[in-house]
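What follows is a single chain, given as structure tokens, in the form predicted alone.
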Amino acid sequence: MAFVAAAAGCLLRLRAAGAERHWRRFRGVGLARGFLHPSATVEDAAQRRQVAHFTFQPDPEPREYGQTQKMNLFQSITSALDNSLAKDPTAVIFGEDVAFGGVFRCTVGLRDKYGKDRVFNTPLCEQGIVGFGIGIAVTGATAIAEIQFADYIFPAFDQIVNEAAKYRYRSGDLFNCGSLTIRSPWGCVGHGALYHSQSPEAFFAHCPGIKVVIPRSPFQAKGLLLSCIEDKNPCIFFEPKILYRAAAEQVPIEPYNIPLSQAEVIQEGSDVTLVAWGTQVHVIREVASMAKEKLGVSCEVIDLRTIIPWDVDTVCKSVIKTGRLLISHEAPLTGGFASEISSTVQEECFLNLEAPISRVCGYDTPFPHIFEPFYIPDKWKCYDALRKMINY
């Protein structure tokens, strides 16, 4: 009888876990559908735009890569994947719903163009998706896996950290899965709450053997994703989902590469160094403009782009010049990647610092729903921290 009761209890727990997982998936699909088929009025849409915590700033049109076309971020991702499948006959794309175009439409049309053997769906099993990708990559083929939301990557954590990241090292370079790339929508959207707004890059920054990349724009996204796919190490490519449609600019049609592990100085300055990645880059760009206008302060703005291995030289060179550093990201403050940057700069540039390094990040709480706008490290929080540094 005790055995039967224990078995029944186990089944109930499994059913409850399944129901919770189903509910999270259902909410995720609903979230994506809200992006795809907005049913709100024009007035509602205008109100949403006004409360966005950033303004996307497109980069100048690139001239060195041939003909360009206006693309938003998800279209630039599609273009990169299209280029990869066309160039590499071994390349395959797989994940939940990717054959149908994906919940954010990043793979739309690719199954029809390249066939169901190269673009196909998988079961709802992130551990299985990544494990399958490792197996494909070990054979020498190019594996491009999609995790539907970065919040769902944790069931695959063991496969990424203990298998993919260590495969080359433990075999003495006899075998590797370097042709594996894991794509995933990432970051806040203003209403994503616990399971659709997280930024988990710091979890993987502690793991030698993988690369973690986060773009800020459509042009950056395509070039960096192609570099990840062609890199000889397993890469995680996080895509700021709030930018899928909010960000649009001219993007080359033909393939091109942007080097990994090289930060970009977007704006040169002399008084404060501002560092961010993904969506937060646009926040600190606004902060730099506010600082110039209100305080007469010159800010140097750096997009880190690659989280690991990150570009220590570019950041430290800037801090030596400015003497001040502010780092901002959406993830919680404690243990966030800003901590690693701060520690390294403290060691390398201690005698050059004019003020304590400032970190403007999310709070040490689960990502809220209704309070998400208050959780986000917006331009006002960053500006306040900058003002305190200047007055230190």
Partner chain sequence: MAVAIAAGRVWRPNRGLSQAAVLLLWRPGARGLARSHRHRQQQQFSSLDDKPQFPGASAEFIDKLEFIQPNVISGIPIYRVMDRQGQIINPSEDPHLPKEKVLKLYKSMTLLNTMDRILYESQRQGRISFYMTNYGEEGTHVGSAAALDNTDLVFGQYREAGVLMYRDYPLELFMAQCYGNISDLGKGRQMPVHYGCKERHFVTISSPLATQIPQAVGAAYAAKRANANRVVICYFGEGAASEGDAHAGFNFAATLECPIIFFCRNNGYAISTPTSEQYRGDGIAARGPGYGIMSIRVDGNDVFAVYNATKEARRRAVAENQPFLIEAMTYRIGHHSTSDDSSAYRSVDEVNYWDKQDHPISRLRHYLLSQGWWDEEQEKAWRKQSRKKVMEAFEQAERKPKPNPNLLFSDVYQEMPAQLRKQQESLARHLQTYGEHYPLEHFDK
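Please read all numbers here as calculations on a predicted model, not as lab measurements. Residue numbers count along the first chain shown, from 1.
In what follows, reference is made to the form predicted together with its partner chain, a form of this protein that is not presented.
For the three marked residues, Thr322, Asn352 and Pro356, no heavy atom of any sits within 4.5 Å of its partner chain in the model of the complex.
Note that among 90 to 98, 251 to 259, 183 to 191, 273 to 281, the stretch whose heavy atoms approach its partner chain to within 4.5 Å in the model of the complex is 90 to 98.
Between its partner chain and the residues Met71, Leu226, Ile134, Leu110, the one pair within 4.5 Å by heavy atoms in the model of the complex involves Ile134. When its partner chain is considered in the model of the complex, only one residue from Met290, Val103, Ile266, Ile308 comes within 4.5 Å through any heavy atom, namely Ile308. Within 4.5 Å of any heavy atom of its partner chain in the model of the complex lies no heavy atom of Pro200. Taking the partner from elsewhere, Ser298 is found to have every heavy atom lying beyond 4.5 Å of its partner chain in the model of the complex. At a distance threshold of 4.5 angstroms between non-hydrogen atoms, Glu163 is in contact with its partner chain in the model of the complex. Although the partner is absent here, Tyr167 lies within 4.5 Å of its partner chain in the model of the complex, judged by heavy atoms.
Taking its partner chain as positioned in the model of the complex, none of the residues of 376 to 392 brings a heavy atom within 4.5 Å of it.
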